[in-house]
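Starting off, we have a lone chain in the form predicted on its own, written out as structure tokens.
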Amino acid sequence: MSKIVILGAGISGHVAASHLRRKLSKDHEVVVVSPNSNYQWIPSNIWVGIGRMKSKKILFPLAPLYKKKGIGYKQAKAVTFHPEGDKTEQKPYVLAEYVAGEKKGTQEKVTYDYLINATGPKLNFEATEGLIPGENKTYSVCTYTHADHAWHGLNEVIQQMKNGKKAKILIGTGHAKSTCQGAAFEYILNVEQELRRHKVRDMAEITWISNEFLLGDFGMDGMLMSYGSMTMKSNEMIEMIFEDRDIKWITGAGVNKIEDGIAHYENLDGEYKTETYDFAMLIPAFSGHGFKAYDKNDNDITDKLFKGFMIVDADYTPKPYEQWSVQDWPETYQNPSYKNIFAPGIAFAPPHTISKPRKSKNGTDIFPAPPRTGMPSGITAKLVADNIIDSIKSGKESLHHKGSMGNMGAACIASAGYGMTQGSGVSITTYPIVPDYNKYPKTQGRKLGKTFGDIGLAGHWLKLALHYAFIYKAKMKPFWWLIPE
């Protein structure tokens, strides 16, 4: 009998737990350890943040589902990692602390045979002074509670505009190294459409602020894509959308301080500037959770497991940007020091950024961190689960399932406005996610034909359909596994 412990119940953790439970007999134990009581379909937070979808529509409680499906569940947070056990516990374990219920505050050694670290990122708001959701007129849509709060803040500004007061709205990234530009992009387009729906668009000035060098970078160094019968750069596509909607933009901006209604930032020219606003939604920096690891003699071995995020089978050798390669990226998400530990999704440490690194004239890094959200999170979680399943069934290590972001495609539908007749979506498919400049030297590292974009009402319908499909899948309804990651 094997015991598989999954840390985290987000997209990666939940996908891994679902596949492990479905494919392994009940002789094997699958346990999820997560401080969250609910599963949430994060992509739909955008619609919660504009008041078009209630948060209850994007979440459901984990405990009843896991009990029904035979998955163990501990509402607890990981504290420290002990991959060799200790002087009193022979088996490897994670020290976890319960965050709710009768056991709240107590700690437990959760032993395992296999460990999947799917803890995702820490939302590192404190990395930017004053960037606190709900304070200084700034908001977030990173969680459903944040998104609920964002709608209340936005609605208040909308009501003020209806009463004749003009407003400035600022949306984008709130740190020089933020990622998840895609979520901010969706939100700014949805906010713009909602202002039109409420007939106050003429009362608002909307500005995009981002650490991207060019619009449409999205932490992936931009892309050359097929757009209808044309070939278009992603920055040209996003510029077209922003110009059509009268959205201004500031790029190459590293926000470093927030005051009440004022965003301070540094640009790549080394200039320190400010942008005022009445409502702002700024994505924070993501970071690892700061976990510590110890060997059986209680010696600190954190550097064997973590490099901010968890170390996996990537090439972390420091080298110039010109020498970066898709071969640097992991394929199995296995920790090289402890072969029974894996980290899919956002939990793994990337070998380097995907976008070209840039510094301001003052030496400040201003460029996006690499995204690993959405589709890649689900795909990498499933392949990790399949490798563990194969290893258990064969009785020996099996790593036949592989998937590098350097040979993996991703489909993204960015909501550009909610509504069955007035809605819109920007559909972008990228292959590969990490550009391969050797294989595709003339098309910016991507395969033209598999990298394309489109805009229209059909994109909204598809994104809404995916919302319901993935909630169905997450609830493990009949034949859920037929829905791809």
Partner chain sequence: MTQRISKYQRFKMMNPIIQFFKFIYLSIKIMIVVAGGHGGTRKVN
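Numbering follows the first chain given and starts at 1. Everything numeric here is computed off the predicted structure, so don't read it as measured data.
What follows is about the form predicted together with the partner chain, which we do not show.
In plain terms, the part of the chain that comes close to the partner chain in the model of the complex, with a heavy atom within 4.5 Å, is 327-335 out of 93-101, 387-395, 327-335, 168-176.
In the model of the complex, the partner chain sits beyond 4.5 Å of every heavy atom of residue 469. For residue 252, no non-hydrogen atom is located within 4.5 Å of the partner chain in the model of the complex, even though that partner is not displayed.
Although the partner is absent here, residue 402 sits close enough that one of its heavy atoms falls within 4.5 Å of the partner chain in the model of the complex. Not displayed here, the partner chain is kept clear of residue 80 by more than 4.5 Å at the level of heavy atoms in the model of the complex.
By the 4.5 Å heavy atom rule, the three marked residues 413, 427 and 456 all count as contacting the partner chain in the model of the complex. This chain appears without its partner; in the model of the complex, the one residue of 72, 261, 406, 85 with a heavy atom within 4.5 Å of the partner chain is 406. 313 is the sole member of 148, 275, 278, 313 with a non-hydrogen atom within 4.5 Å of the partner chain in the model of the complex.
Along 23-46, a non-hydrogen atom within 4.5 Å of the partner chain in the model of the complex is carried by no residue at all.
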